[in-house]
Structure formats: C-alpha cells, structure tokens
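Read the single chain below, which is given as structure tokens and is the form predicted on its own.
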Amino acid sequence: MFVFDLADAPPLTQAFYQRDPARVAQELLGKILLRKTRAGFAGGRIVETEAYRAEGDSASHAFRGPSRRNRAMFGPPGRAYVYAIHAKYCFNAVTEYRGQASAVLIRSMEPLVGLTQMQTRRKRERLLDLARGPARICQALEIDRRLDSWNLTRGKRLWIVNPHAPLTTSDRILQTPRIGVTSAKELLLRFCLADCPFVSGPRKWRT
C-alpha cells in the first residue's frame, strides 16, 4: 500500500499550476488528491489526467469564450474547475495564467485513504470501482459545483500534495489521445501510468 503522511504534506503551490497544461497534466501523475469533509480525510494517488489548452483546442469548454459555466477556467491557476455532465461532476485543476483558460482534468485515482467513505458514497466495495473515471472521483470524494473556483493551494477541503514516494523510472508514463471527446481527438494530451490497474481507459500507446 502506498504510504504518505497527511500532517507533513503541504499543498502544491500556484507556481506548480502556472505552466503549460500538458506539463502540469504529466507532473500531476503520482501526486495525492485529498478531500476533507465532516466525515474526515479521503483521497488517493492521481494516475490519469487530460490537458485542455487555452488556444486551438476545440474540445476545451473555453473554446468559444467565457460563460457562466466555465468562468473558473479563466481565473487564476491553482483553482478548481468543476462542471456537471449527465447529472454527475468532473474536477479539473486550472493552469497557466488568469484569462488563459487552460485546465487539467483529473481522470482516475488510486484510492488510498478514507476508503469506507468512498465505498459508502459510491455504493461499491471493490477498490477498482471507486475512482476509476472522472465522475467516479467526484462522487467518491463528494466534489460538486460548490467547489467550483476553490483555491487548491489553500490546503483545505480540496487540494493536491506531493507524496513522500514520488514516481520512479519504473513508473512508465503513457501519452495518448484524449478519450470521450468528439473534437480535437488527435491531440496527445492524455497521460496515465502504463501499468496501473486504476487507469480508466486504454493503456496501449507510446511512452
């Protein structure tokens, strides 16, 4: 089991998010996503992400400009962008600079802490069923639109930290086309851990 200390894990800084979304998406692999509610801590290791660029990316929610729904994407880096789809939610980390509207979708997570909470929320017992997919992550961690625009760098309610055991050369990273989009499908902006069973989509591409 992956081990980390919640008491000694500062949140990722704004400078981490204030970069190209593809780079942030790749470097978020292996980081720990944490959620704190009245029920306590819950979270796990990020194992799959997708980047959405500010320019030339027709799959991005910000492609046609700002709206009430995507307003958080135009905010400062290190904020949460949470949107609803089919009565479920997906969680993104906003990247680059204010006004640029780029973000990274957190697609899959390996559950590590607060397993009972996640099993109750998901009404599932099997670990593989808890957070393998963006909507499942949000359900497991109780993430919804109330956390849209939340400051991830505060280290409260919802945040991401560095683990004490970072990725090693044995952790192969795949870069693939995004999945579940109808446009800009050719862009290689999905990143995942090649050998991780908690990844939601295909794990056969280039390293």
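The first residue of the sequence shown is number 1, and the count goes up from there. Only a predicted model underlies this, so the values are computations on that prediction, with no experimental measurement involved.
In what follows, reference is made to the form predicted in complex with the DNA, a form of this protein that is not presented.
Listed residues K156, R172, H61, H164 were compared with the DNA in the predicted bound form; H61 is the one with a heavy atom within 4.5 Å. Residues with any non-hydrogen atom within 4.5 angstroms of the DNA in the predicted bound form fall in just one of 22 to 30, 35 to 43, 164 to 172, 65 to 73: 65 to 73. Although the partner is absent from this view, P77 stays clear of the DNA in the predicted bound form, with no non-hydrogen atom inside 4.5 angstroms. When the DNA is considered in the predicted bound form, R124 lines it closely, a heavy atom lying within 4.5 Å.
In the predicted bound form, P177 stays away from the DNA, with no heavy atom inside 4.5 Å. Using a 4.5 angstroms limit between non-hydrogen atoms, L115 is distant from the DNA in the predicted bound form. Applying a 4.5 Å heavy atom cutoff to the DNA in the predicted bound form picks out H86, A87, K88, C90, N92 from 86 to 100, in order along the sequence.
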